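Listed next as structure tokens is one chain, alone, in the form predicted alone.
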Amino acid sequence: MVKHIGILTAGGDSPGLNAAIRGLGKAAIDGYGMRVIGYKDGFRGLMENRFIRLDGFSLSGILTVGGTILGTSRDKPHKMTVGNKILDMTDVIVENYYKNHLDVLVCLGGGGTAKNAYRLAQKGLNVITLPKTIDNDVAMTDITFGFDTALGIATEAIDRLHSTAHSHHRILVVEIMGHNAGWLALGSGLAGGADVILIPEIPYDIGKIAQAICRRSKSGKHFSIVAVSEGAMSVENAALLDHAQKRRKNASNEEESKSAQDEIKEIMAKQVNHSMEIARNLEKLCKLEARVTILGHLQRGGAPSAADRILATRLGTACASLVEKEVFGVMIASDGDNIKPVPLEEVVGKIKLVPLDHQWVESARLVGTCFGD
């Protein structure tokens, strides 16, 4: 019997998605004689049964292209906006899965996509996920595709800012993506020679950052580069957030839980312009001009790097092999030089944070980088 595969891309776009689609599609079609369809715009397309048939022609020429030919969205099967309502559309998705005679649904995405795929697996569907995100924060895999490309882009941005910082004797604060994990800011900061790196895993003291920059000024280095992860927090805000999260977890009634949730929202609202706040404070404390550069979506745009093309292709082709062997309910992970399936239940609800004793952190400290702690 010919096997039928459905593919979708969900969450934020990431370099390497098209390479993974191509790797999976070509291996499945040419290597195993399978039929492949691609759902448009993530889980929403699956719910609305909008798909295209993937063949040699549609897969040709996409290896080097950024983004995703299928489109993406952040819709969740169990919380999907339909008209003016938010509805659980899981049963509709299950119906469409069987209507198209699928043997497996392959979901390309990050931690949120893994959760949504796992929910569908609990409804009896065969699912496989491939880990992508520029944040590199998916659990149980060494690396996610998209990270290497974004790392290169952020590093190049820091490289380019050095000349301006040096010429104008300025502090340049560079905001880099990463809400929960600091891999991208840490890696690009280390590779780009940032003088200060601020990541979510290490709450910072603005006074200690100022002291480090002032020491540089006194030694004749009248400029500094500060690489800041989106999710980096001051010691004070990190303590407030931790307290509020514990309050919510231990709340004895709905009123207490709502109060704690409101406090969490208030703390997170302060994070929106935190890079600007860091720059203003350092300008006052160090008596140097400070400017902010927010890289934003530039980090996940454009053609994927060679490393991401290779990783995405390896994951995609490995996926086709697992479908042939009927291994389902797994995420396909990078494990050193190998690729291995990991049960989805070991992935969902977890996040891969930067260990405080990670080699990148230790190396950065040894070359004099300040983490604000």
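Just count from 1 along the sequence shown to find any residue number. As the structure is a computational prediction, the values presented were derived from the model and not from experiment.
There is another form of this protein, the form predicted together with ligand F6P, and it is not shown here; the text below is about that form.
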- Contact residue in the predicted bound form, from 189, 131, 178, 146 (heavy atom within 4.5 Å of ligand F6P): 178
- Residue (of 74, 291, 101, 247) lying close to ligand F6P in the predicted bound form, criterion heavy atoms within 4.5 Å: 74
- Heavy atoms within 4.5 Å of ligand F6P in the predicted bound form: does residue 297 have any? yes
- Task: Sort through 155 to 163, 268 to 276, 170 to 178, 208 to 216 and report the only stretch with a non-hydrogen atom within 4.5 Å of ligand F6P in the predicted bound form.
- Result: 170 to 178
- Note on the structure: Taking ligand F6P in the predicted bound form and a 4.5 Å non-hydrogen atom cutoff, the residues of 205 to 233 making contact are 230
